[in-house]
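A lone chain, given as structure tokens: the form predicted on its own.
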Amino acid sequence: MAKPVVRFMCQECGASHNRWNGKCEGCGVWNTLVEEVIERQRSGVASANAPLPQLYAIDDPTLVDLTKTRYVTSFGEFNRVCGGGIVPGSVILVGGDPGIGKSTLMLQIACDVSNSTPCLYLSGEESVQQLQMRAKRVGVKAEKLQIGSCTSLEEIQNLLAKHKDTKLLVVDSIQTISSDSLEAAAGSVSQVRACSQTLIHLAKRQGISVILVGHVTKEGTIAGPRVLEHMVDTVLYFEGERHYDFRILRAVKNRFGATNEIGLFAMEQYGLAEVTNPSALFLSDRHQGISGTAVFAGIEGTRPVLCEVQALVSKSYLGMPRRTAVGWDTARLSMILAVLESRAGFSFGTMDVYLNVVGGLKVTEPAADLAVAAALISAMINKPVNPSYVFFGEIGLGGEVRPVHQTEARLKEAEKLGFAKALCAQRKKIEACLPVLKLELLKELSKHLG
């Protein structure tokens, strides 16, 4: 019998150590090493007479076109994020904060797919009675959905062997599943890695689509080894502020579609409902005639989204003025303030600056620079921005405004919502869109705010 070996595994990065250390040498985090017993297994050497795998040409007509066999749900937002639907044999990893609605969304998706495809929903956190109670509360019809409660990998394999017609498997969550072949506790790095790898092999070999629900750490990343995100085909993050009703499903990795694609849902009394027009949602409570506000025409994945940027500038009574940003990068806010002071003549050195993206949306693209600058200048001179204007453009350190990609999509979305003019740097003339006020230098922005 193979002799067990004791290793100390980091719960953050999965690095293995021969002895316990206070600090992990792999990721540098303190107090993350946990003792685990690993059984040594003899590695089998493949025989020289073993059959080789069959090879195919790229354009072989005998291969199945998976783009035509996707499992399309009635949730258009979920289909958009997945690239058009769930690909057979793919593995999707869904992560999010506790209580954000991951289990509710997965139950609704599974119930919807089960109307046309055999599905199996397994929970390691809730009993069957609790799943039934949640289904009744959400109001979904789950007559054809097979549900179960188990925390053993071997039980999942037996269920799949019994129900061979299963095409979609939902496991909620992967941190609660453990294998009897490992002595480590459920949720440890070795258990998460081994159970995920086994389920991925089952998905590829039997053509079963698998959705794994994962917990997240306090840093917002999916708990377990980082290699887990590399093993799966698609990684989705379910985001949202607890103080708002809407939730954002964001794709950070997708082998079968666009990355950084988002789907918007609203948490209602009877579960999650998709939001087909996010721009109207973010601008629904917008107040006009107030200084320090500007509308930004952004792009999330392939979808244009309009949101409101608010700025507040007040006299500081501190030795070091405050710089606070919610929904935007604080370092980029400091850069925009420096460019405004050096290239446009606005001094913020003795002022507290607060910036907020309304609705809890997190904006990361540099195209928001011009909208942020417009809101800051408007708050500084106490002059409202024309409510029919939208802004987008990247600001350079020389004070120039640079054009951004997908200009036409941004303009069409703004035109659809009734805006009259856009301020941006334009590469070429765009036909059949709202008028564009071309802006080359940042110092010219204050002349066009009213």
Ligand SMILES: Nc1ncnc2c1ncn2[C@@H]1O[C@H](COP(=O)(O)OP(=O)(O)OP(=O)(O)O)[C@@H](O)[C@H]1O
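Numbering starts at 1 and runs along the sequence shown. These numbers were taken from a predicted model, which means no experiment stands behind them.
Below, we turn to the form predicted together with this ligand, even though it does not appear here.
Participant: Taking this ligand as it sits in the predicted complex, is residue 323 in contact with it (heavy atom to heavy atom, 4.5 Å or less)?
Facilitator: The answer is no: residue 323 has no heavy atom within 4.5 Å of this ligand.
Participant: Would you check, heavy atoms only and a 4.5 Å threshold, whether residue 136 touches this ligand in the predicted complex?
Facilitator: Residue-level check for residue 136: no, no contact with this ligand.
Participant: Look up in the predicted complex whether residue 101 has a non-hydrogen atom within 4.5 angstroms of this ligand, and give yes or no.
Facilitator: Residue 101: contacts this ligand in the predicted complex.
Participant: Counting only non-hydrogen atoms and a 4.5 angstroms cut-off, does residue 365 reach this ligand in the predicted complex?
Facilitator: Residue 365: no contact with this ligand in the predicted complex.
Participant: Name the single residue among 241, 274, 352, 97 that comes within 4.5 Å of this ligand in the predicted complex, judging by heavy atoms.
Facilitator: Exactly one residue meets the criterion: 97.
Participant: Could you spot which one of 150, 267, 186, 283 gets a heavy atom to within 4.5 Å of this ligand in the predicted complex?
Facilitator: The option sitting close enough to the partner is 267.
Participant: Please name which of the stretches 299-307, 102-110, 189-197, 250-258 has residues with heavy atoms lying within 4.5 Å of this ligand in the predicted complex.
Facilitator: Every other range fails; the passing one is 102-110.
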